[in-house]
Structures are given as C-alpha cells and as structure tokens.
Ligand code: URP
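Single chain ahead, written as structure tokens, the form predicted on its own.
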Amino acid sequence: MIVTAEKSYRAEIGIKDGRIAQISGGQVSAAAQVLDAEGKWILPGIIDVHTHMELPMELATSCDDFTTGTRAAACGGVTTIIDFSLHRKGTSLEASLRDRRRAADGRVAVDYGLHAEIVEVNEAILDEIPRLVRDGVTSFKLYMAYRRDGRMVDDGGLYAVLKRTAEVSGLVMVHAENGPLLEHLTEQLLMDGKVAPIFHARSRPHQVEEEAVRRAIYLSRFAHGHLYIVHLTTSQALSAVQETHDGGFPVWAETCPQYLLLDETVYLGEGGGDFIATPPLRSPKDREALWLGLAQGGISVISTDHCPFTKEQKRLGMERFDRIPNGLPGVETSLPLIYTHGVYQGHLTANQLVAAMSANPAKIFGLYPAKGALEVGSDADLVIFDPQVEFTISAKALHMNTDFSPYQGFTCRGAVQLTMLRGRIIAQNSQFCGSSGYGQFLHRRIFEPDNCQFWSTHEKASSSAGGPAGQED
C-alpha cells in the first residue's frame, strides 16, 4: 500500500540509481533485489525540519551530535533533517553556516539542510541574505525571545529581514514568544521563591505566545513577507494563524509531538524538570485544538524540535526552572507516535500524516518533489511501515544518545520496518545499517508560496477521508 499526501493505492515500486524509476500496478521490471512489503505501507521518507544537534546551551550541549542524532533519525523513518546554523553577534551568516557544515559533513547518516539563524540585523547581514538564497539556504530563523542570551531580534530587525527575504523568495521562521514579558514574569516568580518545574509553564502563559504570533503576522503583512511559526502550542496562537488564513494572507505553522501528546501536568510529577522545553507543554484543551488545526490545515507541518539532554544534564539546572537545559528528544519516535495518536485514534488520515510529516515540509522548504513524494524521478527515500505491529517505547531501546524519553511507556500501534535513503537501506528492524557520511547537504530551491497553500485542501481531505487510514483508490 503506497501512501502519499494525496492518495493511497496498491502498486509496486522500481528503484534505479537512487531514484524511483517505475511505479506499476503489476510486476516491475526485473530487479537485482526485491523487497517484500506485502501487508505493509510504503511512505515517503519523513522530513524533520526542526532539529538541534549538538546545540550548546549555558549549562550543557544537546547530547545528540550529527552522528548519533541522524542514526536515530534513520531508525525512526526520517530520511531528511533541517538543522540550524549557530549565528553569533559580530560574525557573518556565511561563516556560521560554514562552521555548521564542517560539524555535519562526513558524519550525517541522512540528508540534511540548514536554516540560517540570525541574531543580529544590520546592513551587512541583510546583504548576505540574497547570496545565501542563491546558495540554496532559503530559510532564516529569528527569535522574539532570549534577549539575555543575545539571540532576540527586535521588531525593526524582524521587519527588515521579512522585507529582504521576500525580495529574493526566502522564508522567515520565528520563535514567537514575547521576550520582555516572559522575562518579567520569570523574575516575579523567582522573587516569590517559585522555582519548581511547573513555574516554567507559569512564566510563559498563552498570552506570551499569542501576542508574539499576532505581532509577527502583523509585521509580515506590513513587509509582504513569508512567515513560518515554529513550534506553535496554544489554541489562541492557532486562532491567530487561522484568522490570517481566512483573511487571505498565508502564514505557515508547525507543531511538535510533545504538544500533541503531553500536557503541563507532567511538570508536577517526579522528574518534572526532565520535560522542560520551550515553549512549555500546555493544557489538554490546547492539545485537542492542535489536532484539529492539523486536520483542517491551519497547521501545515509536524516537526520535533529535537534537542535532547540526559537526566544528568537536566539536573545541572534543577535548583530553578529557568536554568534547566530546555529541550526534548523526539526525532526517532515521531512517526509511530503520530500514526498511533493521529491516524489510529482518528485525528488524522494517513494521507494527512504524510502531508504534515513529509510532503508539506518538502514543499515549504524547497525540496519537493525530489523529497516528500513517491513519484517517478523522486529520490528513493521511503519507509516501509507496518501498521499492525505494537511496541512500547523505552529509552533503553532507542538510538538517541539520551537515557530519557518523554514517551517512556507509551504503547505504539505501527512501527518502522525499513528506511531507505536514495535507494540504500539505512535502517531495518530497528537497527541502523547505513553509514555515517552517506547523508548529503541539500541545496534548496526558493520559497514558492503558491505551491504551499494547504488549508483548503486539508479541510477537503478531512471531510472525505472515510476512516483513519484515508481513501484507497
């Protein structure tokens, strides 16, 4: 059963020289090797557009490097990641991208791209943007928070980047939180002695996110820019995006498995600090709103924001919530979790899962149809997925370089049996069998908004899907 963003149908796939060469209703041409996928699904490889491998923070560096993180990704059906450059004030965007490529090239087990992080805006930085777009780096990440870490960009800088990127068909990604407000709320809580993990969530209530999302949308409309909201978490922020869609101005948004499956009550339990990520986990009401946003197309992408730490690393900041290294592992577990809680439980069709985790990321970030599709000529990046297998998530059995999973004990219905990247098997039966360094850096095409209008088609799909697995042609 071939499952794409548009349809599900039975066929055989022929692969030659790393690409899909034939799709046939009958037997394909004679092959040197045949893989039997009877009773299973074939999906395009998952594209995780938001990862943080070996990301340095104040107290610790995320514990998956480009080697361990991409091996784990392969075991989870992920064939492409997009990570971030590490920009520093006083340095050029091009230098930060070169440094990041030196860290990744020769070590990655899956294909990868980079978003250019911008933490300082001046004319020299703005002049680099067209050059980066020409070189295949077409997306730019800015923070509306983290002022004390030297990463926050003010409204004028965000507007200037939105305007310049629009001129060269680039895309601006924003971490949308009101930085000064959350700083004030954090200071007040700490002054009152409220240092436990639950106060991480209290320091960042929904207003912190909603206001920043609405402000970013306003600036994007003023600049005629192209805006993508990373890790959207609240029903109120989703409403802002949906209202903008309804008004005819496109804005794209992603959410992550942790915001679909967990809520802030985990901060109250033993080891609550292990679950700290930014933005924080929200309420069950927000979770339901995010699922609906995915089904109706207000949210276009599921990424993971993969940024793992060990329990020991988390303990380094345990004396107060604002010092705990923030981030969660997820690159290896996203597909089975979203299948289980999305498709199997009826929130999404299988086609919508493929759209949010493969096709839409490929379209938005300039990789389609080489990636995110199962078409003749596409890269032979595919996943053989068994929707009948059941297993229980255990951090000990995973390949991510951490002793913690936020989904410890979750039972999944559906498992990755095989992952293929450009015609080569890189993982099979939960074991990595590829090679570090086989992954390639991806030069991405310019952003084409007319190819990324998803909400109306998603709405149509959700109303006519005919059951959790979608339609079969």
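Numbering starts at 1 and runs along the sequence shown. Worth saying up front: this structure is predicted, and the values here are computed from it rather than measured.
Not on display, but discussed next: the form predicted in complex with N-(aminocarbonyl)-beta-alanine (URP).
**Q** Can you pick out, from A160, L189, C307, L260, the residue that has a heavy atom within 4.5 Å of N-(aminocarbonyl)-beta-alanine (URP) in the model of the complex?
**A** That would be C307.
**Q** Identify, from the list G297, P387, G225, G327, the residue with a heavy atom within 4.5 Å of N-(aminocarbonyl)-beta-alanine (URP) in the model of the complex.
**A** In short, G327.
**Q** With the partner left out here, if you bring back N-(aminocarbonyl)-beta-alanine (URP) in the model of the complex, are H115, K371 and F447 all within 4.5 Å of it by some heavy atom?
**A** Zero of three within 4.5 Å in the model of the complex.
**Q** Any idea which of 422-430, 400-408, 51-59, 435-443 reaches within 4.5 Å of N-(aminocarbonyl)-beta-alanine (URP) in the model of the complex, heavy atoms considered?
**A** Of the options given, it is 51-59.
**Q** Y146 versus N-(aminocarbonyl)-beta-alanine (URP), in the model of the complex: is there a non-hydrogen atom within 4.5 Å?
**A** Y146: yes, in contact with N-(aminocarbonyl)-beta-alanine (URP) in the model of the complex.
**Q** Within 4.5 Å, heavy atoms only: does R287 come near N-(aminocarbonyl)-beta-alanine (URP) in the model of the complex?
**A** Answer no; every heavy atom of R287 is more than 4.5 Å from N-(aminocarbonyl)-beta-alanine (URP) in the model of the complex.
**Q** Does any heavy atom of H341 come within 4.5 Å of a heavy atom of N-(aminocarbonyl)-beta-alanine (URP) in the model of the complex?
**A** No, H341 sits far enough from N-(aminocarbonyl)-beta-alanine (URP) in the model of the complex that none of its heavy atoms falls within 4.5 Å.
**Q** Taking N-(aminocarbonyl)-beta-alanine (URP) as it sits in the model of the complex, is T278 in contact with it (heavy atom to heavy atom, 4.5 Å or less)?
**A** Answer yes; at least one heavy atom of T278 falls within 4.5 Å of N-(aminocarbonyl)-beta-alanine (URP) in the model of the complex.
**Q** Counting only non-hydrogen atoms and a 4.5 Å cut-off, give the residues of 158-185 close to N-(aminocarbonyl)-beta-alanine (URP) in the model of the complex.
**A** Going through 158-185 in order - heavy atoms within 4.5 Å of N-(aminocarbonyl)-beta-alanine (URP) in the model of the complex - there is one hit, H175.
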